[in-house]
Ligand code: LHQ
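The chain that follows stands alone, in the form predicted alone, written as structure tokens.
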């Protein structure tokens, strides 16, 4: 597939996806969804060990492109549930299921589904001028793209409800202070910080990191006993890995490890 609405590269174990509709603040239409789906499939099939997601231009993503639908008076009702089921649900689940760290570098505004797509990534860093807006209430809608799941888990019910019911802009600095994102950095350092993380993860023990993220995401629905079983099963699997043997050997030999993601 050739891409018109995203940029994609995969080199040295680093997959990079840039949402590329800057004139529309990288809002999603059906074509961009399909291109991103294809890029994520290539990321899974390739030898990627980390994915970096960002946006082109002055914003990360303004969510759904409202001009992609006809909601004028007299038009037939739009089935938004079909859009969620067909596009946003598979996207969120695909990002979470990737067996590698997923970094989101938020440049500028992340609004609506754009904010929640960012929050579906494993590590979110944002430029100081970036902001997060749960804009759904301004359209008479409920937060989607996993927003009602992620927000209370990240910041608690009180803040989640404030963000969702008021639709106020949350600055990147406040998002960091609340624990909504990993880090806020100066705008001119955002690309550098994302690249630094990507290079780190491209030489890290990928299988161990993949099972770590799976275990942490599973913990919210597990009892302590169930989570201990997840840890047991993960360690059993990883104990047989080449990266575990390399990590132990490097520790004993007092040298830097050379992980292959195996």
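Numbering follows the first chain given and starts at 1. From a predicted model like this one, the values you see are computed outputs, not experimental measurements.
If you look for the form predicted together with the named molecule, you will not find it shown, but the lines that follow are about it.
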Next item on the list: Work out which of the listed stretches, 120-128, 181-189, 80-88, 97-105, brings a heavy atom within 4.5 angstroms of the named molecule in the predicted complex.
Entry: 80-88
Item checked: Partner contact for residue 236 in the predicted complex: the named molecule, 4.5 angstroms, heavy atom -> no
Checklist line | 4.5 Å heavy atom contact, residue 66 to the named molecule in the predicted complex | finding: yes
Notebook entry, point to check: Taking heavy atoms only, is residue 155 within 4.5 angstroms of the named molecule in the predicted complex?
Noted result: no
Check: Is residue 15 close to the named molecule in the predicted complex, meaning a heavy atom pair under 4.5 Å apart or at it?
Finding: no
Notebook entry, point to check: in the predicted complex, which of the listed residues (54, 206, 27, 43) lies with a heavy atom within 4.5 Å of the named molecule?
Noted result: 27
Next item on the list: Only one of 58, 47, 199, 232 comes within 4.5 Å of the named molecule in the predicted complex by heavy atoms, so just point that one out.
Entry: 58
Next item on the list: Pull the contact list for 106-142: residues with a heavy atom within 4.5 Å of the named molecule in the predicted complex, in sequence order.
Entry: 109, 111, 112, 113, 133, 135, 136, 139, 141
